[in-house]
Structure formats: structure tokens, C-alpha cells
Ligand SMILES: Cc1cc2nc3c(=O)[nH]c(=O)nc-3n(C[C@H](O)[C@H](O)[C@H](O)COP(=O)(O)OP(=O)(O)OC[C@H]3O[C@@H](n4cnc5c(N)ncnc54)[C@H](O)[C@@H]3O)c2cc1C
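Read the single chain below, which is given as C-alpha cells and is the form predicted alone.
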Amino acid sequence: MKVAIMGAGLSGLACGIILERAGITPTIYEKRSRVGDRFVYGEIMMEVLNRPIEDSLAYLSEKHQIYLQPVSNIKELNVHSENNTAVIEGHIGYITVRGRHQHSLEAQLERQLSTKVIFNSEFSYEDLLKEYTHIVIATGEGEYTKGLQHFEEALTVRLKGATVLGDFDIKAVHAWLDNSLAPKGYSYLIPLTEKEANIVVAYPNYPENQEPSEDVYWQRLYNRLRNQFNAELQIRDAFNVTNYVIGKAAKPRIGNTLFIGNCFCSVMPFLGFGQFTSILTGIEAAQDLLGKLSISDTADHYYKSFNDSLALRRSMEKMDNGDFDTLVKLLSKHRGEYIFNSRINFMALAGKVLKPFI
């Protein structure tokens, strides 16, 4: 067996680690100059979205011996609407760093890999077909999958953000449900250190969202945060993504080609994060190659999670700011803490309830 992995993101690196431990050395190709070679940004793993698993990082460690350290655990989630705020406390999940940072999840995975990644690769899928028995597609791009099989695009998203300097509680995350800041989307602040945080506006590329520009929405968020934190919040590093594709591939495997991470369906439409799922699909692709399971059999779980998450997003997109005020009010007075700290599979429950109305 001769395996090529296209992409050194979360899923591709996780796949490589599992293969190595079983005695198969894959060749990993990455078009960028290093792992995470884009910009530095924060993400969160919210445990309520990964049920029935209660602790994502402990699960990866104990079940698969993949060891990842977060920036911090989240003890407080502050959800803001135009006029209300809900403060949810408990073990909400983890803050992680992504991108060109020595402690990013990508960098941590690379350090657990003996195989050297081939960077600045210009090899295409067709090039690799001539040399390898199996190819794992982990480029992180739904667009790439479209060229190889049917890929159902749910939406594309705009993201504009920056790292800002200030004073932050490293264990507290803030999110805004406010259409004046992110139409049919959301905004968030994720601290990276006590002195740095990411602020981002994220919303879908629907025709009605084209005016005003993302610069206007981002400036509104920035101004609101300066007032809320009573600080200048100096901008250090800005980034802009205009067409982030969220969707699902029709099949996780076609012949001896496997699709994982964002090339399968790891990005959850509700919030746009998918770190844990990306890593799991990489692990399961390796296990498929090793004859331990079939990713075609496990795909239904990921499709269901994706569809439940999409139902949540579609319902959120129908809400105006008055609806968001009501929702945030309902999350206060321990209701939010009950949801986030219980063992309820919130995604499955919400997807089931909302699906008939979408």
C-alpha cells in the first residue's frame, strides 16, 4: 500500500499519525509553505455540539492517543443580542489557536508526526494517481472536491476579522447575535492570551447581504467592542475570507480515493467550526485503509450532524433582532447553563424539532 495525503491540515495530519503508528508511512503534500500557513486565528470547541462525547480533547487522547493542548478551557460564554446578554457558566469547551502559530492545532499535530511534509507542492490529484495506490483528499477546500465528485454546497460565508490588543479574560468567549453586525450570521470575540483576542464577523454570501460591505459590519463590531471594553483595542493582524464554502460530499470514498475534513463534511453550518470532526474523519480514513472500519459505514453519523447543524442555521437566518433578544433572554437564568452542561445531544434534538419548519 502506497498512500498520498493531499493537505497538511487537521484531518490530513491526523490521518498520517494513525497510519504511521500502524507501520504505513504516507507521503503528505501541502501547497503552502508550512502547516497553518495563512493567518493566526482563534476557534472554539463547544462540547454541547459534540454529544454524546463529553470532553473532546480527552476523547482524542484516551481513544486515539492524539494529544492536543488548548489555549484555555472556556468557563464563561457571553451571548449578546441587540438589547440583552446571557452569561453561561460551566465547562463550555475549549479555545484553540489555528494558523501560523507554534501552538496551533496544526503545529501540535505536525510535532506528533515522524513523516516530513512536502511543502509548496504543485502536484495535482491526477499526478498522484500515477504513483500511489491510495489517495486521501484533505485540502480543506470544498471546491476541490467538486472537481472529483458531487459536492452539495449549503452556503458560502464571508469572514472578516483581526487580532486586537487589550485586556481579556482568557476563559471567557463573547458572541453577538445581531443582524446589524452580521446579517443572518454572528460575530465573536475569542481571546488568544490575556492581551490578545480575535474579533470576527461571519455571515453568508446571500444577495441581500452584499450591501453594505463586510468592512462596514466589521467596523460596527469594532466600535461596539471598544465601547464595551472601554479600550482602544489596537489592531495587529487583519484577515478577510470572502468565499468560505460549507457543504458535504456525496461519498467519503470513491474507489481508492478518500475524502476527509472540509472535503467531506466536517464544517458544521450552524457556527462554521469543525475542528473535532475534521480530526475524527482523518482518524477514520486511516482506520479504513488499515481495514479496521469502513468510512462509508460511519458517514451517516456525519451527514446527520451536518443536516442537524444546517437546520439550526436556517432557523437562525429567519430571526430578526427582536427574536434574538427573546432567545438570549431565554438563555439566561440558568436555562443556558442547563443546555450547555447537560448530556443532551443538543444538535440532534434541535435538528429534529426544527427540521419540519425549515
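Residue numbers run from 1 along the displayed sequence. Since we're looking at a predicted model, the values are computed, not measured.
One more form of this protein, predicted together with the named molecule, exists but is not displayed; see below.
The contact with the named molecule in the predicted bound form, taken as any heavy atom within 4.5 Å, belongs to F273 out of Y217, F168, F273, Y203. In terms of contact with the named molecule in the predicted bound form, the residue from Y144, Y132, Y222, F229 that brings a heavy atom within 4.5 Å is Y144. At a distance threshold of 4.5 angstroms between non-hydrogen atoms, T163 is out of contact with the named molecule in the predicted bound form. Within this chain, A285 is remote from the site of the named molecule in the predicted bound form, having no heavy atom within 4.5 Å. Using a 4.5 angstroms limit between non-hydrogen atoms, E30 touches the named molecule in the predicted bound form. Taking the partner from elsewhere, R38 is found to have a heavy atom lying within 4.5 Å of the named molecule in the predicted bound form. Residues G7, E43 and T139 are all found to lie within 4.5 Å of the named molecule in the predicted bound form, as judged by heavy atom distances.
Listed stretches are 176-184, 145-153, 260-268, 208-216; the contact stretch with the named molecule in the predicted bound form is 260-268, by a heavy atom cutoff of 4.5 Å. The single residue of 12-27 lying near the named molecule in the predicted bound form is G12, the criterion being any heavy atom within 4.5 Å.
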